[in-house]
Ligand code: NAP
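Listed next as structure tokens is one chain, alone, in the form predicted alone.
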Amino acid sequence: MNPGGSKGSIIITGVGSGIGYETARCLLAQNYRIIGIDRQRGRFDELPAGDHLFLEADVRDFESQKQAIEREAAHHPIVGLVTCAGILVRRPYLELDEATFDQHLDVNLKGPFFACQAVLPAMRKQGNGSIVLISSSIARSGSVAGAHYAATKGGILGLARTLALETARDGVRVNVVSPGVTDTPMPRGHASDAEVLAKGAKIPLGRIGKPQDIAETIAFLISDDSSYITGQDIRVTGGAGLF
């Protein structure tokens, strides 16, 4: 047991909104210490009372993440990493410029790559840890005006499988959660509330996902209940994509 009585520290990127915020809330309720990383606090201050700390940092900055994680590891075991930071700015393929492609590559793929490199030394040293990377159903289905997003989220799948193989004997597990359309700010950047919610009619379970659906799956993969699961992609889609 840690000095503060928590189960250990969980690093969560993109903690200020959406799935990142809900994951922090869910894991905080399960007695983990939460270290939230984001460029802006967003909803972080809405978290209930508990053991949590916000670190203002850009996921594209390896050194700032590394230094923050090393400071945390000096006082608390880091038992989990969840990479929720991500962006989607839609562009038709032939209108997709290099700057927009690079921005998505840097945040959506290089960001998790850096976060994993920053946290793995501590996990290896202590002999345990669980990493959950966030991909998307779009990695497999593709999406009109989303080639750059699909490419980065597909890269997450390859990164996770490789890390799972490289770290399994160190006691570290690496898995992916791939949400379908979820009720977060991201889809609302491209559609109205009514349009987003209407997508639920095409989903077998009859609704779009809630951030809690994704957070609870992440919490399972962080916990010892999933101690024999690594290298997997858990698709939290309400059955979308089955036909």
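Source: prediction; values computed, not measured. Residue positions are given as counts along the sequence shown, with the first one as 1.
The same protein also exists as the form predicted in complex with the named molecule; that form is not shown, yet it is the one meant from here on.
Asker: Look at the stretches 68-76, 118-126, 92-100, 133-141 and give the one with heavy atoms within 4.5 Å of the named molecule in the model of the complex.
Answerer: Flagged stretch: 133-141.
Asker: When the named molecule is placed as it is in the model of the complex, are Gly14, Gly18 and Pro185 each within 4.5 Å of it, taking any non-hydrogen atom of the residue?
Answerer: So, yes: the whole triplet contacts the named molecule.
Asker: Using the partner position in the model of the complex, report whether His148 sits within 4.5 Å of the named molecule, counting heavy atoms only.
Answerer: The answer is no: His148 has no heavy atom within 4.5 Å of the named molecule.
Asker: In the model of the complex, does Ala160 come within 4.5 Å of the named molecule, counting heavy atoms only?
Answerer: Contact with the named molecule, no.
Asker: Indicate whether the named molecule has at least one heavy atom within 4.5 Å of a heavy atom of Ala164 in the model of the complex.
Answerer: Looking in the model of the complex, residue contacts with the named molecule do not include Ala164, since no heavy atom lies within 4.5 Å.
Asker: With a cut-off of 4.5 Å between heavy atoms, is Arg39 one of the residues that contacts the named molecule in the model of the complex?
Answerer: Arg39: yes, in contact with the named molecule in the model of the complex.
Asker: Using a 4.5 Å heavy atom cut-off, which residue among Leu197, Leu47, Cys26, Ala57 comes into contact with the named molecule in the model of the complex?
Answerer: Selected residue: Ala57.
Asker: Name the residue from Ile35, Ala215, Val181, Val176 that puts a heavy atom within 4.5 Å of the named molecule in the model of the complex.
Answerer: So the residue touching the named molecule in the model of the complex, by this definition, is Val181.
Asker: At a 4.5 angstroms cut-off on non-hydrogen atoms, which residues of 68-100 are near the named molecule in the model of the complex? List them in order.
Answerer: Result: Cys84, Ala85, Gly86, Ile87.
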